[in-house]
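First comes one chain, alone, set out as structure tokens in the form predicted on its own.
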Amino acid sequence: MSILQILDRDRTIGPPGFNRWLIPPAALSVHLCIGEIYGFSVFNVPLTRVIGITQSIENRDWTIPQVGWIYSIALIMLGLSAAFLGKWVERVGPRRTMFASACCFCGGLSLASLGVAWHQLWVIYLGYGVIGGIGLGLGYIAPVSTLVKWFPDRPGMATGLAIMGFGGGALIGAPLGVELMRYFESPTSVGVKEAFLVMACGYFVFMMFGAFTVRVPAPGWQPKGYVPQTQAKKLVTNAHVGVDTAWKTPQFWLLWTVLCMNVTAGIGILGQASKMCQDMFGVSKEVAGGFAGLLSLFNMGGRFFWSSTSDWTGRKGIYCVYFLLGAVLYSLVPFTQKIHSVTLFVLVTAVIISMYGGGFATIPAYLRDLFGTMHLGAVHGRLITAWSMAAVLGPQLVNYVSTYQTDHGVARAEAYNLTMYLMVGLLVIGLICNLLITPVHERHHHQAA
């Protein structure tokens, strides 16, 4: 039997009596690896000193805005690959998709290592950004529809389980990156190229575990004791909407905007967490790396907590909480810097990031409520293009606005204040779009042949 045959969807169907609780660890093993992207901020400053080693050399080393595009390109490709390959993912199943994700993500890390060694930024863009980003997209959506089908009784909890590992990736990746760079740094190297290569090898092993553990439920399978609702709740349908129809509905684009606004606000902080903490409070890079890891913990926990809560409150209600509470907390960030309270800053940003993560985990359940499960992975993949847009807006707003502020005499510690108020405005837009969402009209429902 060839490796390609082992990856076939037909060979991944769970046998009678299969324990569905084995699926969450398979999803986590992939998402905890590809979620390393959230810890990328620990590499920002070292990548600006590849030539100078101890300090950046002007016109020879890369700048922070240039390095920031590595992160943005990866998330852009995450959204685009999820959108264009969503149908393929539904057709071939989660095992083949996870295998392809591991090859792309870890291969991209390896190529990025060469880009650092050669000091060619375009190679890092291609490796970590483009190829690695495709791996992110495939690995991100692969377990979502699978887990929803295994847990039809708790779709919010299921999507939280599927996606919380991605939010927790920096909890491992950020400290690991810092330690690997410290271990490999020398008078001729900042340790980034070696760190990328070691991480690629280690992540590949764990992602293979997930790929060969995952299963899909047999047609018609239902959990013991589960009785499907015969009458749909408000905003929750028992029907199905095909992917090519779903993306033409107003509900899809309202949700697209909801996700884009929520992600733009959160990703701006998460993508620059390490540097932001250093600039605002003058802490060491080790402490800042730990802060990025702490945010990852709340990102991960929020995905499970908030999405599970949405099973009781409804998806629309929980998104109202994200936007209203989020707007208040973002407006408090400049105040935490003004009184120089690191503790309050950590508490505020931790709750913000928990709701940012919760937004990601709740979206698949929201989609399931509106469009059903027939093409859930593909619909989710197309919606993730909102993440691609946010990946440009969020980090670049933080990068360029803060850089502009400091270049024009604003103290480095206060350079992020304007950006926080801009984020409040984005959350208000998201709130309005969420309130406008209504059930999908019956004319869009799929009619069985």
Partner chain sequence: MEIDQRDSSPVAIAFAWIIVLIPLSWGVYQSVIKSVPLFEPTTAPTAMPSPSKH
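The structure displayed is predicted, hence computed values, not measured ones. If you superpose the two forms and keep the largest set of C-alpha atoms that fall within 1.5 Å, you have the rigid core. Positions refer to the first chain, counted from 1.
Below: the form predicted in complex with the partner chain, not depicted.
A heavy atom within 4.5 Å of the partner chain in the predicted complex is found for exactly one of Val258, Leu136, Ala265, Met300: Met300. For the candidate set Val243, Leu235, Val346, Val92, a heavy atom within 4.5 Å of the partner chain in the predicted complex is found for exactly one residue, namely Val346. Proximity of Ala411 to the partner chain in the predicted complex: non-hydrogen atoms within 4.5 Å are present.
Contact check for Thr385: every heavy atom lies farther than 4.5 Å from the partner chain in the predicted complex.
Interface membership of Leu32, defined by any non-hydrogen atom within 4.5 Å of the partner chain in the predicted complex, is confirmed. Remark: Asp279 counts among the residues lining the partner chain in the predicted complex, judged by a heavy atom distance of 4.5 Å or less.
With respect to the partner chain in the predicted complex, the three residues Leu176, Phe206 and Asp407 uniformly fall within 4.5 angstroms at the level of their nearest heavy atom. Checking 63 to 71, 43 to 51, 392 to 400, 22 to 30 against the partner chain in the predicted complex, the stretch whose residues place heavy atoms within 4.5 Å of it is 22 to 30. With contact defined as any non-hydrogen atom lying within 4.5 angstroms of the partner chain in the predicted complex, the contacting residues in 6 to 25 are Asp10, Arg11, Pro15, Pro16, Gly17, Phe18, Asn19, Trp21, Leu22, Pro24, Pro25, given in sequence order.
Comparing the forms between this form and the one not shown on their rigid core, the Cα displacement of Val348 reaches 2 Å or more.
Once the cores line up, the CA of Gln405 ends up 2 angstroms or more apart between this form and the one not shown. After superposition on the rigid core, displacement of the C-alpha of Val283 between this form and the one not shown amounts to 2 Å or more.
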